[in-house]
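Before any questions on how it binds or moves, here is one chain, the form predicted on its own, in structure tokens.
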Amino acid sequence: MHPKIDTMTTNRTFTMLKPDAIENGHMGKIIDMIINAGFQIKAMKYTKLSVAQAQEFYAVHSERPFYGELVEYMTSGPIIAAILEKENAVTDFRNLIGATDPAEAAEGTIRKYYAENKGRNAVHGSDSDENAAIEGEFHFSSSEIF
């Protein structure tokens, strides 16, 4: 197994603060929630996805009816990409961000506080250890991960 992926399989996850969170000025509050939940930031960048990058990142959804809208949304403004570390990182982070639809998100979650709706839901969180490694490597070179 690739050594970088192996080190990320049980204690790291990937997140993106989406364009709506940046546009609405919530990035500092969201980052505070992440740190206060015990996550360490191992890599972070403020960037803007190109159409090609968004298409590649969301290729798993390319056959879904919302794919074009998702790519358009994710390229509409800057994002913050980050690799986070904590024991049980993927599960704990998914719990912290809450349900995709903020109307269904638990009290105290990022999406309950900061998401506008199911489509503009403030934050992405990896759904598995494997995807966390793939997504982190998509956005960061090994020299950018600490």
Ligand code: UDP
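Being a predicted model, the structure only gives us computed values, none of them experimental. Just count from 1 along the sequence shown to find any residue number.
Not on display, but discussed next: the form predicted in complex with the named molecule.
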{"query": "Non-hydrogen atom contact M27 with the named molecule in the predicted complex at 4.5 angstroms", "finding": "no"}
{"query": "is_contact(Y113, the named molecule) in the predicted complex, heavy atom dist at most 4.5 Å", "finding": "no"}
{"query": "Contact test in the predicted complex: T91 vs the named molecule, heavy atoms, 4.5 Å", "finding": "no"}
{"query": "4.5 Å heavy atom contact, M44 and the named molecule in the predicted complex", "finding": "no"}
{"query": "Among the candidates Q53, N95, Q40, T100, the residue which, in the predicted complex, approaches the named molecule to within 4.5 Å (heavy atoms)", "finding": "T100"}
{"query": "Candidate stretches 80 to 88, 102 to 110, 31 to 39, 115 to 123, one within 4.5 Å of the named molecule in the predicted complex by heavy atom", "finding": "115 to 123"}
{"query": "Sequence-ordered list of residues in 61 to 100 near the named molecule in the predicted complex, where near means a heavy atom within 4.5 Å", "finding": "H61, F66, L70, Y73, R94, T100"}
